[in-house]
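Given next, in structure tokens, is a single chain: the form predicted alone.
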């Protein structure tokens, strides 16, 4: 099965909205063995949409479309699809019944434009959208499949999972595909690729290793494709375990869908430890990552965002002499921040960050991008200085990820 992803909307082309749908769809399609052969975006223009439908369907066996299904005048995807297939519209009563329930639940009055969303092209199979008002639509034409979905990300994701993927698997009988994923932290992809060079060289043609880097981490995805599903899974697990055994244990942060913050959470729960944070330049971003994991309340007590020296002194009991002699961005300060938040919030372990995120505020001695991080408990505190760049957001993100990894390594050594 080959797929082309087509996104529709002026807002995508001018950069007003970032296209996250394509990435999510591509990942979901990969999981069922579909091959994405192209992605494109077009404006809310009749001519552009018609041309895109004609061109993309020449090479792909399925075209997955998002956007342009709302109730406003610029949402023209449904009308253009009807024109493309040469059909009229029919009224879909189950969609009206769903909309009535939806609007009653929120005590709102349905407008005529919303009611018009019950009109669908005659040749469409309606895909119920339990996350919104616009239904998805499935079309089959001359051996090709076209699927139209709303552009709202959570609505698209619902339709993909509950309607589109099951239908695609049944319609095209995709070959079995399976994958295993390893999360590493602390080294870049070139370092890991060097370790795994011989492993990759000898890998069977039915396997593929992908390096998926992100800030401070590299996800390794080993994919297997074939016709014999049992043999495929056996080979995949054997080679995945071999790959894991070749890497230094301290690099391995998690498995499958783990993020570094969720892997840290599992480790804290496993060791029955509680965590607190003291943040300066990251402004709460570290706590945000930790609390983005469901169930974080089982191990995360809280955070002190000590952006000013006064808060560092009054809340975390960083000594005035330390700040005067060494400055807020120093090893001595983050050590005292760890000790202070451990005492204040009564946790087993803690992380502290203080730095110059930028783009200004640096000095010759401590330029923008200088960050000190500490991780520790009541018995030991480990520190490290980072020398980053001038991009403020990247400095904040990298500092928080590096701090999580420092805590992970600290727990490996001390617990």
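We call the rigid core whatever largest set of C-alpha positions still superposes within 1.5 Å between the two forms. Numbering follows the first chain given and starts at 1. As the structure is a prediction and not an experimental result, all values here were calculated from the model.
There is another form of this protein, the form predicted in complex with a further copy of the same chain, and it is not shown here; the text below is about that form.
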Non-hydrogen atom contact residue 383 with a further copy of the same chain in the predicted bound form at 4.5 angstroms: no
Touches a further copy of the same chain in the predicted bound form: residue 401 (any heavy atom, 4.5 Å): no
Residue 41: touches a further copy of the same chain in the predicted bound form, heavy atom cutoff 4.5 angstroms: yes
Residue 303, heavy atom within 4.5 angstroms of a further copy of the same chain in the predicted bound form: yes
Candidate stretches 229 to 237, 163 to 171, 192 to 200, 328 to 336, one within 4.5 Å of a further copy of the same chain in the predicted bound form by heavy atom: 192 to 200
Listed residue (188, 94, 88, 248) with a non-hydrogen atom within 4.5 angstroms of a further copy of the same chain in the predicted bound form: 188
Proximity to a further copy of the same chain in the predicted bound form, single hit among 324, 100, 272, 297 (heavy atom within 4.5 Å): 297
Within 4.5 Å of a further copy of the same chain in the predicted bound form: residues from 227 to 259 (heavy atom criterion): none
Large Cα move at residue 346 between the shown form and the other one, threshold 2 Å, rigid core: no
Did residue 153 shift 2 Å or more between the shown form and the other one, C-alpha, core superposed: yes
Residue 359: Cα shift of 2 Å or greater between the shown form and the other one (core-aligned): no
